[in-house]
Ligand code: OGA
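In structure tokens, one chain follows: the form predicted on its own.
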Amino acid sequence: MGNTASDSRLFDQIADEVYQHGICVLRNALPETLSAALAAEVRGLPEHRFSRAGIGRQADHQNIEAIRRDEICWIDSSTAAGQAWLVWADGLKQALNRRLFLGLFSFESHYAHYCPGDYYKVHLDAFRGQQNRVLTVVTYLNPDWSDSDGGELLVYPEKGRTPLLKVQPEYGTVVIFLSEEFPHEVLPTMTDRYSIAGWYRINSSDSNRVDPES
């Protein structure tokens, strides 16, 4: 299934807001059929498909629950929902490269499940100069979310402790921001909270290393 005309308009809006502000928050943005398929899939996954999330990559990966408490399942094209999500994400990548010349090369994403009491302290998705994750994409899969459920995403300026944005993890909401520029955190949730976190990367291969690394 390819991207639709409405997707194209959405992608143009995302490109404009990322260009102007470095960040974009759009409610009810993900197509309903895609939201429904992803929400059903993540809730139907067997428990063994999830693993406790950590911080860092490869040899530096650590499981530190004082900083992060959630479980994740990486998404691939082996299911209809996963394939449709990756097609949508690829359409967004092409639009962003066409409009903003970002040179986005690859995309990785996972489901995230926060059980009651889970959180993720303030962090950056990438550090300047590492040329790994360039753009972060988050989408929420929680119908009927209420203020009392907690689990909000707080997004901060690069320097400062006052949040720029407080985003409810409501069904179909999409948040996109420059990975190196916006520290953010997930406040403790009072109920099961489901989302997708994804990252676009540039191709930083050289003669000694092939990117992206697995």
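The first residue of the shown sequence is 1; numbering continues from there. None of these values were measured; they are calculated from a predicted model.
Form predicted together with this ligand: not shown, discussed below.
- With this ligand left out of view, the stretch that reaches within 4.5 Å of it through heavy atoms in the predicted bound form is, among 158-166, 184-192, 27-35, 42-50, 184-192.
- Though this ligand is absent from this view, in the predicted bound form it lies within 4.5 Å of a heavy atom of just one residue from Glu108, Glu71, Asp125, Asp118, which is Asp125.
- Val138 is the sole member of Leu135, Val138, Ile75, Leu96 with a non-hydrogen atom within 4.5 Å of this ligand in the predicted bound form.
- Shown alone here, Leu10 lies farther than 4.5 Å from this ligand in the predicted bound form, counting heavy atoms only.
- In the predicted bound form, at least one heavy atom of Leu153 sits within 4.5 Å of this ligand.
- Proximity of Ile14 to this ligand in the predicted bound form: non-hydrogen atoms within 4.5 Å are absent; the residue sits far from the partner.
- Although the partner is absent from this view, Trp199 contacts this ligand in the predicted bound form, with a non-hydrogen atom inside 4.5 angstroms.
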